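The chain below stands alone and is given in structure tokens; this is the form predicted on its own.
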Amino acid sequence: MSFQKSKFHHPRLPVNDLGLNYRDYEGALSTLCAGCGHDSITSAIVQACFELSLPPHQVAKMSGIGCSSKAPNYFLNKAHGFNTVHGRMPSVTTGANLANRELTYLAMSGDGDSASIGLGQFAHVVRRQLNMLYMVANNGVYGLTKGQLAATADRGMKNKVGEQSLFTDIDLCVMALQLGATFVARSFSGDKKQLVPLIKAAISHQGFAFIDIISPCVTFNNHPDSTRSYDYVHQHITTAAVTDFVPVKQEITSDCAAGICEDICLHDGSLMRIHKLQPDYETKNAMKAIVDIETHKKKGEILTGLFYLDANGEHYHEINNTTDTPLNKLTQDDLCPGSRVLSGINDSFR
């Protein structure tokens, strides 16, 4: 059975500077589980691109493999897109960016795609300062392959079948800060008041921008002590003996005031504690940001907000002094100027 999203909309929907309305930035109908936090992220991206009046045809949506990597199909259906193999999205994006630096690159990834098989690629795209927005929809499990624990899962938490995480979690924000990202933030999928401005700022940033988005999984992250789940009541699964039942849940939202903690009650009754940064937080000190993230983690809190911003940082093309003309627009004469020019280059090394 196939489903299509209705093309009808109210004739007086607000339009942006391009004359486009919100619906013009949507994509296909989502096939993710009802209540999935990833759909909330999609909605925030649509809202941010609409408010920025971003031309969809000048956007390239990049992704790898996983539930999160399906999400680009659900926004900006008139944009370019490339769904790469597992963990290889950064290198493909690097090649695309070299070929055409004029596009806006929006990358969607997950905790498995970035923190496990793609960890090496993630590390190098950060340190190379590629001009892109890299978003990770972080739920602590591999939802597409039945809920194994991800490398971002908190130590001590359990997955659906009772497997316990025995190792220290990988904090991608801390890693991005250590490797020199010039824009680093974390948010919660249900807090659009915080997430939409962060996405808008990250898209506008010149350099590597990273946002880690806590996005609860309704299906496979259902341990009562989990810090990022939409746990399904385990008695129902045991009684019904249906291991892959996907309950229909309502989206969990939050509107936590800046500077305070909020305990968000998940569907199973467990709590996730969010601490939102003050608006005047000092964003120019990467080391302080790392200490703050780790300090709140030890208290059982997930720190959210803009951690670090270097508005004057260099990006890949500036560091490598590449041509201002996209490679896909260079002519044969530009690419192969002849033996005389080659001899001059060789002579310069003698």
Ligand SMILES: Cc1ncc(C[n+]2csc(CCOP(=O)(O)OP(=O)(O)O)c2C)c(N)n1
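Numbering starts at 1 and follows the sequence shown. Computed from a prediction, not measured in an experiment: that's the story for all the values here.
Heads up, the form predicted in complex with this ligand isn't pictured, but that's what we're talking about next.
Using a 4.5 angstroms threshold between heavy atoms, residue 212 stays clear of this ligand in the predicted bound form. Although the partner is absent here, residue 141 sits close enough that one of its heavy atoms falls within 4.5 Å of this ligand in the predicted bound form.
This ligand in the predicted bound form is not approached by residue 124, whose heavy atoms all lie more than 4.5 angstroms from it. By the criterion of a heavy atom within 4.5 Å, residue 67 is counted among the residues contacting this ligand in the predicted bound form.
Proximity to this ligand in the predicted bound form, taken as heavy atoms within 4.5 Å, picks out 107-115 from the listed stretches 107-115, 124-132, 167-175, 91-99. Listed residues 86, 193, 155, 78 were compared with this ligand in the predicted bound form; 86 is the one with a heavy atom within 4.5 Å. Shown without its partner, the chain has 38 as the single residue in segment 17-54 with a non-hydrogen atom within 4.5 angstroms of this ligand in the predicted bound form.
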